[in-house]
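Single chain ahead, by itself, as C-alpha coordinates, in the form predicted on its own.
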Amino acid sequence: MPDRAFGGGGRYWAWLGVLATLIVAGALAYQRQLALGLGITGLSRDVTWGLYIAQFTFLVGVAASAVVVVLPYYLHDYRVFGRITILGECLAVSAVAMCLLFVFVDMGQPARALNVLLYPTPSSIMFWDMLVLAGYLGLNAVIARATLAAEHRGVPPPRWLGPVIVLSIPWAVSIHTVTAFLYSGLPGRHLWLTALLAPRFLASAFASGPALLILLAMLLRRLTGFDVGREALQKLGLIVAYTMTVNVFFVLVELFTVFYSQAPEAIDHFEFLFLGLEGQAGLVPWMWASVILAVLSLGLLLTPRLRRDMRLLAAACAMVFASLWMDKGLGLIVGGFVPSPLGEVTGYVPTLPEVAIALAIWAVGSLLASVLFKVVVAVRGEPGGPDSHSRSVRAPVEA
(Lines give C-alpha, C1' and ligand atoms only; values in the text may rest on other atoms or scores of the structure.)
Protein backbone atom coordinates (compact mmCIF):
# COMPACT_ATOMS: atom_id res chain seq x y z
CA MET A 1 0.00 0.00 0.00
CA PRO A 2 2.79 2.57 0.67
CA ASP A 3 3.80 2.18 -2.98
CA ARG A 4 0.62 4.12 -3.88
CA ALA A 5 2.36 7.28 -2.60
CA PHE A 6 4.97 7.08 -5.35
CA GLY A 7 2.55 7.19 -8.26
CA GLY A 8 1.81 10.73 -9.33
CA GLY A 9 2.06 13.23 -12.14
CA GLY A 10 4.51 16.08 -12.64
CA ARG A 11 2.44 18.48 -10.54
CA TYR A 12 2.54 16.10 -7.57
CA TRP A 13 6.30 15.66 -7.77
CA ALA A 14 6.87 19.39 -8.28
CA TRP A 15 4.92 20.05 -5.05
CA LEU A 16 7.00 17.48 -3.20
CA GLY A 17 10.14 19.13 -4.64
CA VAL A 18 9.12 22.53 -3.24
CA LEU A 19 8.53 20.99 0.18
CA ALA A 20 11.86 19.16 0.04
CA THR A 21 13.63 22.45 -0.75
CA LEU A 22 12.06 24.11 2.30
CA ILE A 23 13.04 21.14 4.45
CA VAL A 24 16.67 21.29 3.28
CA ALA A 25 16.81 25.07 3.94
CA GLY A 26 15.36 24.51 7.42
CA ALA A 27 17.80 21.68 8.12
CA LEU A 28 20.72 23.98 7.30
CA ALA A 29 19.31 26.63 9.65
CA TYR A 30 18.84 23.99 12.36
CA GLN A 31 22.43 22.90 11.91
CA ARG A 32 23.44 26.48 12.69
CA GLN A 33 21.17 26.49 15.74
CA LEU A 34 22.81 23.27 16.95
CA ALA A 35 26.23 24.89 16.67
CA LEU A 36 25.41 28.30 18.12
CA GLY A 37 22.41 27.53 20.34
CA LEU A 38 19.09 29.34 20.71
CA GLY A 39 20.98 32.65 20.64
CA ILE A 40 20.34 32.76 16.89
CA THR A 41 16.60 33.02 17.57
CA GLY A 42 14.72 36.13 18.72
CA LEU A 43 14.17 34.59 22.16
CA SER A 44 15.55 36.29 25.25
CA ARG A 45 15.60 36.01 29.04
CA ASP A 46 12.13 37.58 29.27
CA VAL A 47 10.55 35.93 26.19
CA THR A 48 11.62 32.29 26.44
CA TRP A 49 8.90 30.83 24.18
CA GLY A 50 8.34 32.27 20.72
CA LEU A 51 7.53 31.08 17.22
CA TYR A 52 8.31 27.40 17.88
CA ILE A 53 6.04 26.95 20.90
CA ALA A 54 3.36 29.19 19.37
CA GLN A 55 3.20 26.92 16.31
CA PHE A 56 3.19 23.89 18.60
CA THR A 57 0.19 25.28 20.49
CA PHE A 58 -1.73 26.06 17.33
CA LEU A 59 -1.04 22.67 15.73
CA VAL A 60 -2.09 20.71 18.81
CA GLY A 61 -5.52 22.24 18.17
CA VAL A 62 -5.45 21.20 14.51
CA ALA A 63 -4.61 17.64 15.58
CA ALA A 64 -7.31 17.52 18.25
CA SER A 65 -9.95 18.65 15.77
CA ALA A 66 -10.04 15.19 14.17
CA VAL A 67 -12.51 14.27 16.89
CA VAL A 68 -15.08 16.57 15.21
CA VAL A 69 -15.43 14.07 12.35
CA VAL A 70 -14.41 10.89 14.16
CA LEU A 71 -17.06 11.14 16.90
CA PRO A 72 -20.15 11.62 14.66
CA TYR A 73 -18.97 9.02 12.17
CA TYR A 74 -17.83 6.16 14.38
CA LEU A 75 -20.08 6.60 17.42
CA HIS A 76 -23.26 7.91 15.78
CA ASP A 77 -22.90 6.25 12.37
CA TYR A 78 -23.16 9.62 10.64
CA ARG A 79 -22.24 8.28 7.20
CA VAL A 80 -22.11 11.70 5.56
CA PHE A 81 -18.62 11.97 7.11
CA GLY A 82 -17.57 8.60 5.63
CA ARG A 83 -15.03 9.98 3.19
CA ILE A 84 -13.79 12.99 5.14
CA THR A 85 -13.07 11.12 8.39
CA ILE A 86 -10.01 9.34 7.04
CA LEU A 87 -8.69 12.70 5.81
CA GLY A 88 -9.14 14.10 9.33
CA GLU A 89 -7.18 11.19 10.81
CA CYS A 90 -4.35 11.69 8.30
CA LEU A 91 -4.33 15.43 9.05
CA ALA A 92 -4.10 14.65 12.78
CA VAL A 93 -1.05 12.42 12.19
CA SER A 94 0.67 15.22 10.24
CA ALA A 95 -0.21 17.88 12.82
CA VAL A 96 1.05 15.83 15.79
CA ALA A 97 4.29 15.08 13.96
CA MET A 98 4.78 18.84 13.50
CA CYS A 99 3.98 19.47 17.19
CA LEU A 100 6.67 17.04 18.32
CA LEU A 101 9.20 18.58 15.93
CA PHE A 102 8.47 22.09 17.24
CA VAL A 103 9.04 20.93 20.81
CA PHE A 104 12.22 19.21 19.65
CA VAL A 105 13.72 22.34 18.05
CA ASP A 106 12.63 24.57 20.94
CA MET A 107 14.68 22.49 23.36
CA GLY A 108 17.84 23.55 21.56
CA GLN A 109 19.78 20.31 21.86
CA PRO A 110 18.34 16.87 20.90
CA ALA A 111 19.61 15.31 24.14
CA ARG A 112 17.23 17.54 26.12
CA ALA A 113 14.24 16.00 24.34
CA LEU A 114 15.49 12.52 25.23
CA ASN A 115 15.87 13.59 28.86
CA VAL A 116 12.09 14.03 29.06
CA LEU A 117 11.77 10.28 28.48
CA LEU A 118 14.97 9.04 30.10
CA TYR A 119 14.37 10.99 33.31
CA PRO A 120 10.58 11.31 33.53
CA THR A 121 9.20 13.96 35.86
CA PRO A 122 5.49 13.27 36.51
CA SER A 123 5.11 16.64 38.24
CA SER A 124 5.96 18.38 34.95
CA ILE A 125 3.07 19.18 32.59
CA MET A 126 5.55 19.01 29.67
CA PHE A 127 6.18 15.33 30.45
CA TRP A 128 2.44 14.57 30.26
CA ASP A 129 2.05 16.70 27.15
CA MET A 130 4.70 14.74 25.27
CA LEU A 131 3.17 11.50 26.51
CA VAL A 132 -0.38 12.28 25.31
CA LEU A 133 0.89 13.68 22.00
CA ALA A 134 2.94 10.57 21.27
CA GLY A 135 -0.03 8.39 22.23
CA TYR A 136 -2.40 10.36 20.00
CA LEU A 137 0.04 10.08 17.09
CA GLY A 138 0.17 6.32 17.57
CA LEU A 139 -3.62 5.96 17.84
CA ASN A 140 -4.34 7.89 14.65
CA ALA A 141 -1.56 6.17 12.72
CA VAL A 142 -2.89 2.75 13.74
CA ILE A 143 -6.52 3.66 12.92
CA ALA A 144 -5.72 5.15 9.53
CA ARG A 145 -3.42 2.31 8.51
CA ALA A 146 -5.75 -0.47 9.66
CA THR A 147 -8.84 0.97 7.94
CA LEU A 148 -6.99 1.68 4.69
CA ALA A 149 -5.30 -1.73 4.71
CA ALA A 150 -8.67 -3.43 5.21
CA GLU A 151 -10.17 -1.48 2.32
CA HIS A 152 -7.18 -2.28 0.17
CA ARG A 153 -7.78 -6.01 0.75
CA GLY A 154 -11.56 -5.61 0.41
CA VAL A 155 -12.33 -6.96 3.91
CA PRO A 156 -13.91 -5.38 7.01
CA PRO A 157 -11.51 -3.73 9.48
CA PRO A 158 -10.35 -5.93 12.39
CA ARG A 159 -12.60 -6.10 15.45
CA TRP A 160 -9.90 -4.81 17.80
CA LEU A 161 -10.02 -1.44 15.99
CA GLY A 162 -13.34 -0.46 17.64
CA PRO A 163 -11.96 0.14 21.18
CA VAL A 164 -8.95 1.94 19.70
CA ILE A 165 -11.24 4.36 17.84
CA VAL A 166 -13.32 4.99 20.96
CA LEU A 167 -10.15 5.61 23.00
CA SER A 168 -8.93 8.17 20.45
CA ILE A 169 -11.95 10.44 21.08
CA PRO A 170 -11.28 11.45 24.73
CA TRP A 171 -7.56 11.31 23.94
CA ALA A 172 -8.05 14.07 21.34
CA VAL A 173 -9.66 16.30 23.97
CA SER A 174 -6.90 15.52 26.45
CA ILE A 175 -4.01 16.65 24.24
CA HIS A 176 -5.23 20.24 23.97
CA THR A 177 -6.41 20.34 27.58
CA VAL A 178 -2.98 19.29 28.83
CA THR A 179 -1.39 21.85 26.49
CA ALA A 180 -3.59 24.57 28.00
CA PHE A 181 -2.47 23.50 31.49
CA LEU A 182 1.13 24.25 30.44
CA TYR A 183 0.15 27.92 30.46
CA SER A 184 -2.76 28.29 32.85
CA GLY A 185 -0.72 26.75 35.68
CA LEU A 186 1.83 29.60 35.65
CA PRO A 187 0.77 32.12 38.33
CA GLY A 188 3.02 34.94 37.13
CA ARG A 189 1.51 35.08 33.61
CA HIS A 190 -1.78 36.92 33.92
CA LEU A 191 -2.79 36.52 30.26
CA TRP A 192 -2.86 32.74 30.70
CA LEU A 193 -3.99 32.59 34.33
CA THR A 194 -7.61 31.79 33.62
CA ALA A 195 -9.77 28.67 33.92
CA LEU A 196 -11.21 29.55 30.51
CA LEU A 197 -7.95 28.84 28.71
CA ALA A 198 -8.56 25.09 28.20
CA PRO A 199 -12.18 25.53 26.95
CA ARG A 200 -10.99 28.40 24.76
CA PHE A 201 -8.23 26.21 23.32
CA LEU A 202 -10.75 23.47 22.51
CA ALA A 203 -13.24 25.87 20.91
CA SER A 204 -10.57 27.42 18.70
CA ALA A 205 -9.22 23.94 17.85
CA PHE A 206 -12.63 22.71 16.75
CA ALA A 207 -12.90 25.76 14.49
CA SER A 208 -9.41 25.95 12.96
CA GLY A 209 -8.91 22.22 12.34
CA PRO A 210 -12.21 21.59 10.52
CA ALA A 211 -11.73 24.85 8.58
CA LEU A 212 -8.40 23.53 7.31
CA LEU A 213 -9.98 20.13 6.61
CA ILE A 214 -12.69 21.76 4.46
CA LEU A 215 -10.06 23.67 2.47
CA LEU A 216 -7.94 20.54 1.95
CA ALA A 217 -10.98 18.49 0.90
CA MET A 218 -11.94 21.17 -1.65
CA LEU A 219 -8.37 21.27 -2.95
CA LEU A 220 -8.27 17.48 -3.18
CA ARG A 221 -11.51 17.44 -5.20
CA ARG A 222 -10.13 20.05 -7.58
CA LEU A 223 -6.79 18.28 -8.09
CA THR A 224 -7.78 14.60 -8.01
CA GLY A 225 -11.58 14.40 -8.28
CA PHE A 226 -11.80 12.75 -4.84
CA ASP A 227 -15.07 14.17 -3.53
CA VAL A 228 -16.04 13.94 0.15
CA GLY A 229 -19.51 15.23 -0.68
CA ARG A 230 -21.15 18.64 -0.52
CA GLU A 231 -23.27 17.70 2.49
CA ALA A 232 -20.19 16.73 4.51
CA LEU A 233 -18.54 20.06 3.76
CA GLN A 234 -21.69 21.99 4.64
CA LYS A 235 -22.15 20.13 7.94
CA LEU A 236 -18.52 20.70 8.80
CA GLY A 237 -18.95 24.38 7.89
CA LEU A 238 -21.84 24.58 10.35
CA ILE A 239 -19.62 23.08 13.07
CA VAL A 240 -16.95 25.70 12.29
CA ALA A 241 -19.61 28.43 12.58
CA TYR A 242 -20.73 27.26 16.03
CA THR A 243 -17.26 26.61 17.46
CA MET A 244 -15.88 29.90 16.14
CA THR A 245 -18.83 31.68 17.76
CA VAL A 246 -18.10 29.99 21.08
CA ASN A 247 -14.42 30.90 20.77
CA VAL A 248 -15.22 34.58 20.16
CA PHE A 249 -17.65 34.49 23.11
CA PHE A 250 -14.90 33.13 25.37
CA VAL A 251 -12.55 35.92 24.27
CA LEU A 252 -15.22 38.57 25.00
CA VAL A 253 -15.77 37.03 28.46
CA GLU A 254 -12.03 37.31 29.11
CA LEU A 255 -12.04 40.94 28.01
CA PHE A 256 -15.00 41.78 30.26
CA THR A 257 -13.36 40.14 33.29
CA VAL A 258 -10.04 41.90 32.74
CA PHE A 259 -11.32 45.39 31.97
CA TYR A 260 -14.25 45.42 34.42
CA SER A 261 -11.94 44.33 37.26
CA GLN A 262 -9.32 46.88 36.13
CA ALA A 263 -6.55 44.49 37.17
CA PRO A 264 -3.48 46.31 35.82
CA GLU A 265 -1.31 43.19 35.42
CA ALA A 266 -3.86 41.62 33.08
CA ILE A 267 -4.73 44.83 31.22
CA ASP A 268 -1.07 45.40 30.32
CA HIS A 269 -0.95 42.18 28.28
CA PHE A 270 -3.98 43.20 26.20
CA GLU A 271 -2.61 46.71 25.80
CA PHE A 272 0.66 45.24 24.49
CA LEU A 273 -1.21 43.05 22.00
CA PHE A 274 -3.76 45.57 20.68
CA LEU A 275 -2.21 49.01 21.26
CA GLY A 276 1.47 48.45 21.89
CA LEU A 277 3.44 49.14 25.07
CA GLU A 278 6.55 51.28 25.54
CA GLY A 279 7.15 51.43 21.79
CA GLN A 280 6.78 47.67 21.26
CA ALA A 281 3.89 47.31 18.79
CA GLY A 282 4.99 44.58 16.38
CA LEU A 283 2.01 42.35 17.15
CA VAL A 284 -0.63 45.09 16.95
CA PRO A 285 -1.37 44.80 13.18
CA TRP A 286 -1.53 41.02 13.44
CA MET A 287 -3.96 41.06 16.36
CA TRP A 288 -6.30 43.57 14.72
CA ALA A 289 -6.16 41.59 11.47
CA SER A 290 -7.14 38.53 13.50
CA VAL A 291 -10.15 40.40 14.94
CA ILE A 292 -11.29 41.67 11.54
CA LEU A 293 -10.98 38.23 9.93
CA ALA A 294 -12.89 36.64 12.82
CA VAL A 295 -15.78 39.10 12.44
CA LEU A 296 -15.91 38.74 8.64
CA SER A 297 -15.79 34.94 8.79
CA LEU A 298 -18.60 34.82 11.34
CA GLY A 299 -20.68 37.06 9.07
CA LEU A 300 -20.30 34.53 6.26
CA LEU A 301 -20.65 31.37 8.35
CA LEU A 302 -23.67 32.43 10.38
CA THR A 303 -25.67 33.47 7.30
CA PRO A 304 -27.07 30.20 5.84
CA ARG A 305 -27.46 31.63 2.33
CA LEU A 306 -23.82 32.71 2.24
CA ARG A 307 -22.53 29.54 3.90
CA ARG A 308 -24.23 27.37 1.27
CA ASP A 309 -22.15 29.08 -1.43
CA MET A 310 -19.07 26.84 -1.62
CA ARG A 311 -16.76 29.66 -2.70
CA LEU A 312 -17.82 31.83 0.24
CA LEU A 313 -17.53 28.83 2.55
CA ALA A 314 -13.94 28.37 1.40
CA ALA A 315 -13.24 32.09 1.95
CA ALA A 316 -14.77 31.96 5.43
CA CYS A 317 -12.72 28.87 6.37
CA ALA A 318 -9.52 30.55 5.15
CA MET A 319 -10.37 33.59 7.32
CA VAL A 320 -11.06 31.40 10.37
CA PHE A 321 -7.79 29.55 9.94
CA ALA A 322 -5.76 32.74 9.42
CA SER A 323 -7.48 34.54 12.30
CA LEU A 324 -6.84 31.75 14.79
CA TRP A 325 -3.27 31.26 13.58
CA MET A 326 -2.56 34.95 14.28
CA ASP A 327 -4.23 34.69 17.68
CA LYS A 328 -2.73 31.38 18.91
CA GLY A 329 0.22 31.01 16.57
CA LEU A 330 1.58 34.52 17.18
CA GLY A 331 -0.10 36.63 19.85
CA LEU A 332 -1.11 34.32 22.68
CA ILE A 333 2.33 32.93 23.57
CA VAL A 334 4.41 36.10 23.13
CA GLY A 335 1.67 38.21 24.74
CA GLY A 336 1.86 36.05 27.85
CA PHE A 337 5.52 36.98 28.36
CA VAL A 338 5.18 40.73 27.77
CA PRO A 339 5.25 42.51 30.11
CA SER A 340 7.22 40.23 32.42
CA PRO A 341 6.17 39.72 36.08
CA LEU A 342 8.65 42.53 36.93
CA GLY A 343 6.98 44.87 34.45
CA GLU A 344 9.73 44.71 31.82
CA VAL A 345 8.59 45.17 28.22
CA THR A 346 10.83 43.16 25.90
CA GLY A 347 10.26 42.94 22.17
CA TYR A 348 10.36 39.69 20.24
CA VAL A 349 10.82 39.28 16.50
CA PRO A 350 11.56 35.83 15.01
CA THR A 351 14.91 35.72 13.22
CA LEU A 352 15.43 34.41 9.69
CA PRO A 353 16.87 31.03 10.84
CA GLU A 354 13.95 30.66 13.24
CA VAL A 355 11.45 31.29 10.44
CA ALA A 356 13.33 28.90 8.11
CA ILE A 357 13.19 26.11 10.73
CA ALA A 358 9.49 26.75 11.35
CA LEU A 359 8.75 26.69 7.60
CA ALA A 360 10.70 23.45 7.27
CA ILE A 361 8.58 21.80 9.97
CA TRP A 362 5.40 22.99 8.24
CA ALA A 363 6.88 21.52 5.04
CA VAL A 364 7.47 18.18 6.78
CA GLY A 365 3.83 18.15 7.90
CA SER A 366 2.62 19.11 4.43
CA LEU A 367 4.77 16.39 2.88
CA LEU A 368 3.39 13.81 5.26
CA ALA A 369 -0.20 14.94 4.64
CA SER A 370 0.33 14.95 0.85
CA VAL A 371 1.66 11.40 0.87
CA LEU A 372 -1.10 10.12 3.18
CA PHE A 373 -3.82 11.83 1.11
CA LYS A 374 -2.28 10.32 -2.02
CA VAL A 375 -2.59 6.85 -0.52
CA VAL A 376 -6.18 7.54 0.56
CA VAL A 377 -7.19 8.68 -2.92
CA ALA A 378 -5.48 5.68 -4.51
CA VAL A 379 -7.09 3.15 -2.15
CA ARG A 380 -10.55 4.70 -2.33
CA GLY A 381 -10.57 4.19 -6.09
CA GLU A 382 -12.30 6.22 -8.72
CA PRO A 383 -14.16 9.43 -7.81
CA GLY A 384 -17.86 8.97 -7.33
CA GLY A 385 -17.46 5.28 -6.56
CA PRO A 386 -19.30 3.54 -3.73
CA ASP A 387 -18.19 4.52 -0.25
CA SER A 388 -17.26 1.10 1.02
CA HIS A 389 -15.49 2.65 4.00
CA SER A 390 -18.66 3.86 5.63
CA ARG A 391 -20.22 0.40 5.38
CA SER A 392 -17.29 -1.69 6.49
CA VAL A 393 -15.77 0.30 9.32
CA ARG A 394 -19.00 0.46 11.31
CA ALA A 395 -18.71 -3.19 12.34
CA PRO A 396 -15.82 -3.00 14.84
CA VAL A 397 -17.40 -0.12 16.77
CA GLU A 398 -20.57 -2.08 17.32
CA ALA A 399 -18.70 -5.25 18.30
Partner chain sequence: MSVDRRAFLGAAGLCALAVTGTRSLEALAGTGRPETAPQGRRVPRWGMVVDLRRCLQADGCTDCIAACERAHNVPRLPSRAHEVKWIWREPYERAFAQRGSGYADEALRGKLVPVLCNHCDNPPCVRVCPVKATWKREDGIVMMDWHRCIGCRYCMAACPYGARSFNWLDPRPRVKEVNPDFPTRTRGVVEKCNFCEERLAQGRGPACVEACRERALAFGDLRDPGSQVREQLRSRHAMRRKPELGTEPSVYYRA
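Positions refer to the first chain, counted from 1. Predicted model only: the values in this text are computed from it and were never measured.
Just so it is clear, the following notes concern the form predicted in complex with the partner chain, a form of the same protein that is not shown.
Contact with the partner chain, judged by heavy atoms within 4.5 Å in the model of the complex, is confined among 78-86, 102-110, 198-206, 313-321 to 102-110. Think of it this way: in the model of the complex, the partner chain has a heavy atom of just one of 124, 303, 234, 245 within 4.5 Å, and the residue is 124.
Between the partner chain and the residues 330, 369, 38, 363, the one pair within 4.5 Å by heavy atoms in the model of the complex involves 38. Annotation: in the model of the complex, residues 174, 238 and 249 none come within 4.5 Å of the partner chain through any heavy atom.
Shown alone here, residue 342 lies within 4.5 Å of the partner chain in the model of the complex, counting heavy atoms only. Among heavy atoms of residue 285, none comes within 4.5 Å of the partner chain in the model of the complex.
Of the heavy atoms in residue 220, none are within 4.5 Å of the partner chain in the model of the complex.
In the model of the complex, no heavy atom of residue 355 sits within 4.5 Å of the partner chain.
Along 257-275, a non-hydrogen atom within 4.5 Å of the partner chain in the model of the complex is carried by 264, 268, in order along the sequence.
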